[in-house]
Structures are given as C-alpha cells and as structure tokens.
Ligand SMILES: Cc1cc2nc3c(=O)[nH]c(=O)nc-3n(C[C@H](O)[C@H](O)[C@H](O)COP(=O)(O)OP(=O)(O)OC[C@H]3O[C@@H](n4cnc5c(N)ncnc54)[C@H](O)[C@@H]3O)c2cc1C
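Here we start with a single chain on its own, the form predicted on its own, put down as structure tokens.
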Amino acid sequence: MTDSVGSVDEFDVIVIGGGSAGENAASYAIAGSDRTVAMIEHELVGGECSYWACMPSKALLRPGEVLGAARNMPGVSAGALDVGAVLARRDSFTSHHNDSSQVRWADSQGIEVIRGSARICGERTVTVGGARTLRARHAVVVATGTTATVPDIPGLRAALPWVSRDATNLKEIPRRVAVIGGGVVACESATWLLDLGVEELTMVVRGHGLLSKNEHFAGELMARSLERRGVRILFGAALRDVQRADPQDTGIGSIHGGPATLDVAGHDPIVVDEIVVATGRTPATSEMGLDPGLLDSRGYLVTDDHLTTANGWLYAVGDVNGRALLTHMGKYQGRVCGDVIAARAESRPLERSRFLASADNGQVPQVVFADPEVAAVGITEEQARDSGRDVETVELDISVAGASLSRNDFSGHAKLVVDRATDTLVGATFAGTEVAELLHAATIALVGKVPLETLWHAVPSYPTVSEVWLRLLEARR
C-alpha cells in the first residue's frame, strides 16, 4: 500500500473505487503481465457489497429462512431467533468493518492500494486528497458505485432516517418502523426486520405494487406474504411531511432520535421509532471532476459494451454506469473491462465475445432474497411486448414432488417468456419458497439461446424443485 504525499506517480492503470467491480477490473487488467495498477479507495477495500449491502443483508435474511423451513417440517423442533447471535454472525461476514484481508488480497494480486478521495484533473490524470497526483499510461477506471437517495420531502432529511447501510448494520431493533419504497431493498429490509422482532411495520409505496420492475405476480405474492405477517402496505401513497422529536446522528444502525410522525395523504398520522428510506440510488460522480458530457441526465457515466466512455481512455464499471445495479453484474463488467484494457495495452484485437458486456443487454439475473424469494432473468412479458417482440408466455404454480418434500408450506409460481420466432427464452421469473437456485438454469438457457424443443431433453432429477421445468414445457405442448 502506498501513502506518500506530494509525489507524482505513473501507473499503467488507475482504478477509482475499491469495491468488487473495481477489484476485478484492476486484477484482470494486469493479470499475467508486468503492468502496474493503483486502486484508490476512500472508505473500505471491498466496497458496499462487503460491508453494507450483499453480505450483511443476506446474513440477516438466512436465519429467518432457516427458521421458517424448520417450523414447517414435522419432526423438527424450532424455537426463535437469537438476535444477538444473528447480529454477531452478520458482523463476522463484514469482518467487523476491517478491510485488512481485502488489502492483503490486493497486495497478492499486485494491486497498489491508495487511501483517499480521487478527482480526475486531466487526461488519464487523477489527484488523491488534493495532495498527490497519479497518471495512467493506458486507462482510468471509475468504479465508485452509488449512494442511497433520500427524497426531498419536507422534514425527511432532517429526521435523519435510516438508509440501507443502517438497515443492514442495525445495532438495535426498533419496535415500530416505516419503510419508504417498494423495491428490492424495501422488501428485503422488511423481511429481516420482521424476523428480528419489529412489532409494527408500515410500507409507504408511491406506486401501486411491490417490485414494479418484475412480473406483476411477483410483487403480488410479495405483498400478500408481508401482509400475512402483519405488514401494513400503503400503495399510491404520497408522503407529505415528516416530523421527528430530537433527531440525533447516533451512528450507523442505531436509532436516530425520538419518535417520528409521517404525514401520508389520505391516512392518519403514522408514528414510528425509525424510518428506513429505500427509494433508489444516486451515482457517486458529482465530486469527481468528470466532463458533464460523459454523464447521462441522472449522473451515470455512459459506456459502450467495452465499458469505455466517449473519451476513449476512461472506463466505468459497476453501479456507477447505471447499466445493472447488481454486485454480480459489476464484477462481470470488471472482468470484461480488465480484459479490454489488457488487450488494448498489448495491441490485441477485440473480436472475441468476452470483450463485450453483452449480459447487460436483456440477460441480467437477479434474486430478491425476501419471503417469498423472487428470481428473474431477462425481460418481462410487458417489456418484451413494448419492444415489439412477438412472444408467448407459459406460467403455472410450482407444485411438484420436490417442492412438497422440501417443506410443508412450499408455494410458488413460475413464468417463462418465449420468443416465437426463435423458440428461445427472453425472460423467466420464479417467485416462491427458496427458488433462487432455479435461476441459473434459466440464465444458461436464455444466454445460450437454447430452443425450448431442446430443453425437452434436459431431464430434471426427481424429486427436485427443478421438476417445474418439465411442467412448464408440458404446459406449452
């Protein structure tokens, strides 16, 4: 790790942002070569996913899932969650916010970690903390991700609400919670907050359904499941004002003051002990000295499928380019970007498909790890028809031997969107009990453009939940 001040250093590649996308870009750009790379990080190496998103959220969700399975399996004794133990396990997965192991990994890859905030000040030139200048011979990669968006609603920001970082790193369990939003973060947060003992939970949703980017049935199943657990969901809700007694910045994951009162149009005042804002993300680009011509109207860096911006030497990977705000997609982009930089540095052609981030274009897989799980890849029926595709759909409830053996309360629904012209999948969605592991088969079929006629010969093992593939094919006969 380098921390010298006042010097001007040259590297072959400079990566701004030490999250998983930046780590992959840095590693792939220098793999098998003597090229040098600097990775600049102003917080923790490993980024949002490791400490404030994927890892802690899934660590919080899994115990409730296991408990639910145990409670629905005759002959298995199940009590209640030990909240302290659940939080301790979560902290072990975030390494207690100590990134030393990530730094050791970077060192082992030949990546020089530089601490500080970066700003682009010229062609292939970056300053760190305003005191040190770095220059790249080949490329600069921006991998700074996004930050949580807090809407400009009267009193909301002054109330110091929780955002996703607080919800995943909670240190105390509020008795009453309002979740603002109806997307992935909102649904996952509501799930683990209920698991951990929140007594009253209200969701304030501007739209008319949950998970609006998914097939409609997925959001409907999610809403019914949450409502069965006592969640009050206000759809089409306009939050007009928030008032909070004695708001205090008590640190991430601690309750930020006294009770808060939410004024939602058409409803009685809602009084809660904490507010979770889950209304989207904002790209972390505003303080970087970027040419405004490289940004779209929302502030995301615009790239081609080589992950290159319009100026040719600047690349963007991960959430900061707005292509697919998912950790696995950011890592995928980092691999593609690193390979592109390496090929260009060695004057190799970019003809192979591995140099194009094609999976971003209608082939993105995603899992919502709530109750029920929602696993989807590709596009929805509505998106397909809006794009002019001639598609047919096949859908049915997941009711197979493997499902019934899995647990007594297994329920779910599946839907395929099929391009008539090619007889291939363009979308697949599974919503139900522990359906995440069904997704990769759908992803392979979709990316590989496997005709459904061919899938007849991919025989699912009996008895597994994957048997649903056979039932879907039979339903189409």
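On a predicted model such as this, the values are computed, not experimentally measured, just so you know. In case it trips you up, residue 1 is the first one in the sequence shown, and so on.
Another form exists, predicted together with the named molecule; not displayed. Remarks below refer to it.
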- prompt: Considering 62, 440, 42, 449, which brings a non-hydrogen atom within 4.5 Å of the named molecule in the predicted bound form?
  reply: 42
- prompt: Between the options 36, 57, 433, 27, which residue brings a heavy atom to within 4.5 Å of the named molecule in the predicted bound form?
  reply: 57
task: Please state whether all three residues 219, 228 and 371 have a non-hydrogen atom within 4.5 angstroms of the named molecule in the predicted bound form.
output: no
- line: Exactly one listed stretch (313 to 321, 228 to 236, 378 to 386, 101 to 109) reaches within 4.5 angstroms of the named molecule in the predicted bound form by non-hydrogen atoms, and it is 313 to 321
- prompt: Is residue 117 one of the residues lying within 4.5 Å of the named molecule in the predicted bound form, judged by heavy atom distances?
  reply: yes
- prompt: According to a 4.5 angstroms non-hydrogen atom cut-off, is residue 190 in contact with the named molecule in the predicted bound form?
  reply: no
query: Can you check whether residue 143 is within 4.5 Å of the named molecule in the predicted bound form, heavy atom basis?
result: yes
message: Against the named molecule in the predicted bound form, would residue 53 count as a contact residue? Criterion: heavy atoms within 4.5 Å.
response: yes
field: the named molecule in the predicted bound form - contacting residues of 264 to 283, heavy atom within 4.5 Å
entry: 281
